[in-house]
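Shown next as structure tokens: one chain only, the form predicted on its own.
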Amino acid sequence: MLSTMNRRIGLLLFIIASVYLYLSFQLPNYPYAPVDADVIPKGLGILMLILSVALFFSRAIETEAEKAKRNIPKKELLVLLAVFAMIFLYILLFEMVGFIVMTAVFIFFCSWFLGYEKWKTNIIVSILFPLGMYIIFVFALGISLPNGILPI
């Protein structure tokens, strides 16, 4: 039954998606919000559930070359761990620092760490992307995001 890696990963993702979806249905409802805060988590959970089932039933045959691709060099593993550490710090400081500042700092340092060298473009994207997302979520969708240290 779990002979291929796709089936193992599909089953694992199905379990994770099921727990995630269960927890997203536990989010409180807000009566005066035009788009409730649970819409995106529920949508992502359902999408992950569907994709995990598709992965489980995919008929891709695993070759030796594909098995060899799974071996991650130690240097790349350290890069992955560093990015996970940045994501963890982002999540940890998100409420306290706020969406705009924390997202800008995360995008800038993660891009820089991963080798993007155009500083001006990196700064512009790091500032404009969170601002654009904040405007869309707060003003267009009516979903509040943490202000943090900014007096918005």
Partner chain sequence: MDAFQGLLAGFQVALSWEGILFVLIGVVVGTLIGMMPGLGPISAIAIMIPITYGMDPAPALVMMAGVYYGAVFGGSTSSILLNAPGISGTVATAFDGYPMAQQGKAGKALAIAAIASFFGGTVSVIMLMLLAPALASVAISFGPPAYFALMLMGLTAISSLSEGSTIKAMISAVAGVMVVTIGIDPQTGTQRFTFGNVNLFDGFDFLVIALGLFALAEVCMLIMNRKNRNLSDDQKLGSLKVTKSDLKEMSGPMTRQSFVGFMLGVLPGAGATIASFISYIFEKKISKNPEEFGKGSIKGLAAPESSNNAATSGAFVPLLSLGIPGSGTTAVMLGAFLVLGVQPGPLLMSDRPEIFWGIIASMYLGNIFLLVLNLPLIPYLAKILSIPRPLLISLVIMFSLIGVYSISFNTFDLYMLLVFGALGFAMRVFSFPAPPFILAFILGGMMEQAFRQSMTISNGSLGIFVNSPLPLALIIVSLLSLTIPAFIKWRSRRLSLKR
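Please read these numbers as outputs of a predicted model, since none were measured by experiment. Under this definition, the rigid core comprises the largest set of C-alpha atoms superposing within 1.5 Å between the forms. Residue numbers count along the first chain shown, from 1.
Beyond the structure shown, there is the form predicted together with its partner chain, which is absent from this document and is the topic of what follows.
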{"query": "4.5 Å heavy atom contact, residue 150 to its partner chain in the predicted bound form", "finding": "no"}
{"query": "Residue 131: touches its partner chain in the predicted bound form, heavy atom cutoff 4.5 angstroms", "finding": "no"}
{"query": "Interface membership of residue 141, its partner chain in the predicted bound form, 4.5 Å heavy atom rule", "finding": "yes"}
{"query": "4.5 Å heavy atom contact, residue 84 to its partner chain in the predicted bound form", "finding": "yes"}
{"query": "Interface residues of 78-114 toward its partner chain, as seen in the predicted bound form [heavy atoms, 4.5 Å]", "finding": "79, 80, 83, 84, 87, 88, 90, 91, 92, 94, 95, 99, 103, 106, 107, 110, 111, 114"}
{"query": "After fitting the core, residue 55 CA displacement of 2 Å or more between this form and the one not shown", "finding": "yes"}
{"query": "Shift of residue 121 between this form and the one not shown at or above 2 Å (CA, core fit)", "finding": "no"}
